[in-house]
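The chain below stands alone and is given as structure tokens, in the form predicted alone.
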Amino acid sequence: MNRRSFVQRLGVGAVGLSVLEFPVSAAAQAVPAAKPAAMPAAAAANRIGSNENPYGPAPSAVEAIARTSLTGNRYPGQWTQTLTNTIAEKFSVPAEYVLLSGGSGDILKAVVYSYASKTKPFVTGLPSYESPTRSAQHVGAPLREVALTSELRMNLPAMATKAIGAGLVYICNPNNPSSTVVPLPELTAFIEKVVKTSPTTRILVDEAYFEYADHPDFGTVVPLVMKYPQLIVARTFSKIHAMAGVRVGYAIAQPKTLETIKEYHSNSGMSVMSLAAANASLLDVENMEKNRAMAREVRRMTVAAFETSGFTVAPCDANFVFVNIKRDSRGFQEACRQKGVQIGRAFPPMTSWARISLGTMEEMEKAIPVFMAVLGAPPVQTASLDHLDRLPNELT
């Protein structure tokens, strides 16, 4: 389907034709979407709710899985050190500064358990990724939640004040669900201020969506780890590397800090296959850039579709968008689900905003008409949505 026929099918008042007739970059045109393996019928819905990479692992990663599966009868052994060394070399840190994990979730939980407690408050943005908040609640840590700014960015001055005497500050950058970033100069100044005003407070920076950011002043804080023992950086292979189901993540921090974290880290299992795949994908810079190019084009089209239809979209620097749909997002989620499109859960207190992950261009061209049809219909009554609040939260 070309862009003109796509817009015609959306109907009057949905998306402007001129907006969707932009040229697609050569990089995005040159890379076809990966063809995933056959999935059960129950999984056939348009899944754009969990911030997954729709293009699948890099061919080099798939080949590494196939090759090393022949040694699946052995413990990982050398592959653990190989991936550790590759990460250390990429970030120019010593190997002992790297802690591997079966996904970054276990890292986040272990860090919270290490530094937040009943006497050591936990500081985070609101809304932000809730898993660390739930871990803080589990250990009984007082919560110091700081609302995002009017631009839906982390309010660093307010968080710096709340950080005094706290056990841990959590910064998701880019932030989930708002898709906004904290520029590197501002985040560097924040870290330096917290270290000075509250030296026993730890700072956890979650860079899960790092590679998708296009903000000109965005950058990693990993180099600051060499200077500040209070800083921990978490990364994952679940996003740009498209390995959410393979489960590999890691932390970068000073060795003494990692030793404390290891007391609560489950040393969650990684196989020779997952380690080899992660190592191959990290070295495959070309595939990573192709994924970035495709996500950028889909993001541009999706933002244009909503904005042309009169909806506000937060500044986007991740593989999802955050849209003010002007109604209860739970009702929007449910109505889209009934039409075969799965979008993200609600993020209180911003319940009139919906988080929508980026699928392939084809997936989004099928999903956007569904969004417009749902938003053009009367909202679902709030009283009928209570069951959604009892559903288990996603990992993302």
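All residue numbers refer to positions in the sequence shown, first residue = 1. Owing to the predicted nature of the structure, the values given are computational and were not obtained by experimental measurement.
What comes next is about the form predicted in complex with a small molecule, which is not displayed.
Within 4.5 Å of the small molecule in the model of the complex, a heavy atom is found for not a single one of 179, 293 and 296. At least one heavy atom of residue 103 is located within 4.5 Å of the small molecule in the model of the complex. Although the partner is absent from this view, residue 115 stays clear of the small molecule in the model of the complex, with no non-hydrogen atom inside 4.5 angstroms. A residue is said to contact a partner when one of its heavy atoms sits within 4.5 Å of a partner heavy atom; residue 272 fails this definition for the small molecule in the model of the complex, lying far away.
The small molecule is not shown here, but in the model of the complex it comes within 4.5 Å of a heavy atom of residue 108. Of the candidate stretches 137-145, 90-98, 231-239, 258-266, only 231-239 contains residues with a heavy atom within 4.5 Å of the small molecule in the model of the complex. Interface residue among 79, 209, 306, 322, judged by heavy atoms within 4.5 Å of the small molecule in the model of the complex: 209. Between the options 278, 252, 203, 172, the residue in contact with the small molecule in the model of the complex by a heavy atom within 4.5 angstroms is 172.
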